[in-house]
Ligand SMILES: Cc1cc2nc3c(=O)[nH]c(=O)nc-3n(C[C@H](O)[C@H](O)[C@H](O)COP(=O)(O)OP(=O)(O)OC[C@H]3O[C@@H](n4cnc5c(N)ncnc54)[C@H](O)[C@@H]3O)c2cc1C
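Before any questions on how it binds or moves, here is one chain, the form predicted alone, in structure tokens.
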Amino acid sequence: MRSNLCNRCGSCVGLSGGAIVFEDKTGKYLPSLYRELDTHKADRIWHACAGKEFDFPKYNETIYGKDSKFHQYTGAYKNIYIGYSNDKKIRKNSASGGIISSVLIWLLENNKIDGAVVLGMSETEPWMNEPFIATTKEEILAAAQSKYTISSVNEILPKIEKFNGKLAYVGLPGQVQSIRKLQAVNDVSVKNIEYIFGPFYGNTLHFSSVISFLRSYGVKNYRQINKLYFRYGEWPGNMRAELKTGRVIELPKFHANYLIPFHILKNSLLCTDLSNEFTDISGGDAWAPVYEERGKGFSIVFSRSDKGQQILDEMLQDGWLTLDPIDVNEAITIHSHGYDLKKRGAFIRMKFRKWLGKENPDYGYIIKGFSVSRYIMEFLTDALFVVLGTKPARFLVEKIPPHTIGKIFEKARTIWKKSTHKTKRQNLN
């Protein structure tokens, strides 16, 4: 944990029988040992941990076989698409293309699953996210949209084990990787999981991001939140807090991104999996002008396994989805910033960490051979994260109106992307 290897997937808590808990979810959000574990439980938890290691080549071969298409950046896949849900309500509610929500609802209504493990917001603490098993369309829709603060979905493993029926599971890469490790040894906790889906993953924020956001509007107590959204409304959505007083605070998603460098979870910067490579189907926003300018929300979609492809084929036949095939180079270009961050930046950061004597996760592969300019760019980026993550920097940014700092951030980010465009795109495909 001192080396930032814990990705907060929650498996250690879920498998511990109460011996391990997250006691500070609004703070550092780290697991704490409350009582000693027996050898069996300790070994089981140690195996399930994907924060310390996850062998990408090994699991690519065992899950998808040698015949799947493969790219070092995207992982294994059957086909890649740009698409969206044909149900306007689902598409609008999801703040993107609504693909994963549609898949879950279709599976449920066609009796292929009996429930879905999803991430919603807590009813008792509406400022915190919380995993649950959805068994109705309404519950699935209630869990739609991204949650950008730390989540520990695999805390729910005991409920998954006790569930009577087949489940679909939705998680971030680190959470999915832990599930795959448990499946590989036929652990009883994951016996009911039939399908695995997941969104693309850039970064995660500490809960301090929500606290800081509210403080910038003069709200000192986050417990005043009645409802919290990170992408409310149509694409691309807004960060929105509805308070118990009736006050509504809202900021466009792209402006709310100013919170990232101030509150990013450091482990996010060690994850090398942008497109959730070990799912049956994964999806994320289609970040390209041709789609962004049209609004409404478009998703880039990877079918990775045979059963994932079968789901999409049947949904197309049933008229649930609109999907247009694209090739892998276009897919990488659409998310060039993200792939550069994950597949180049992460390995450069791990090299920096090694020089400093820190441990790194073992992913079973290494990407190297980067240009000097790419090393310099990463050094500057990491230095910025260090400086902006300090208490003085957070204090100062809270004194600037969010709509002002949001516009400044978006403008600065655009300039940065243009100035580093050549370096990031060099040999990317």
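From a predicted model like this one, the values you see are computed outputs, not experimental measurements. We number the residues from 1 along the sequence you see.
Although it is not shown, the form predicted in complex with the ligand is what the next lines describe.
Per the 4.5 Å heavy atom criterion, the ligand in the predicted bound form is contacted by stretch 144 to 152, the sole one of 144 to 152, 302 to 310, 343 to 351, 220 to 228.
In the predicted bound form, the ligand lies farther than 4.5 Å from every heavy atom of G174. Although the partner is absent here, H335 sits close enough that one of its heavy atoms falls within 4.5 Å of the ligand in the predicted bound form. Residue contact with the ligand in the predicted bound form: I196 places no heavy atom within 4.5 Å of it. Shown alone here, D273 lies farther than 4.5 Å from the ligand in the predicted bound form, counting heavy atoms only. When you look in the predicted bound form, the only residue of Y81, F200, W106, F262 with a non-hydrogen atom within 4.5 Å of the ligand is F200.
The single contact residue among L321, I179, V170, L157, judged by any heavy atom lying within 4.5 Å of the ligand in the predicted bound form, is V170. Taking the ligand as positioned in the predicted bound form, the residues of 91 to 118 that bring a heavy atom within 4.5 Å of it are, in sequence order, S94, A95, S96, G97, G98, I99, I100, S101, L104, V118.
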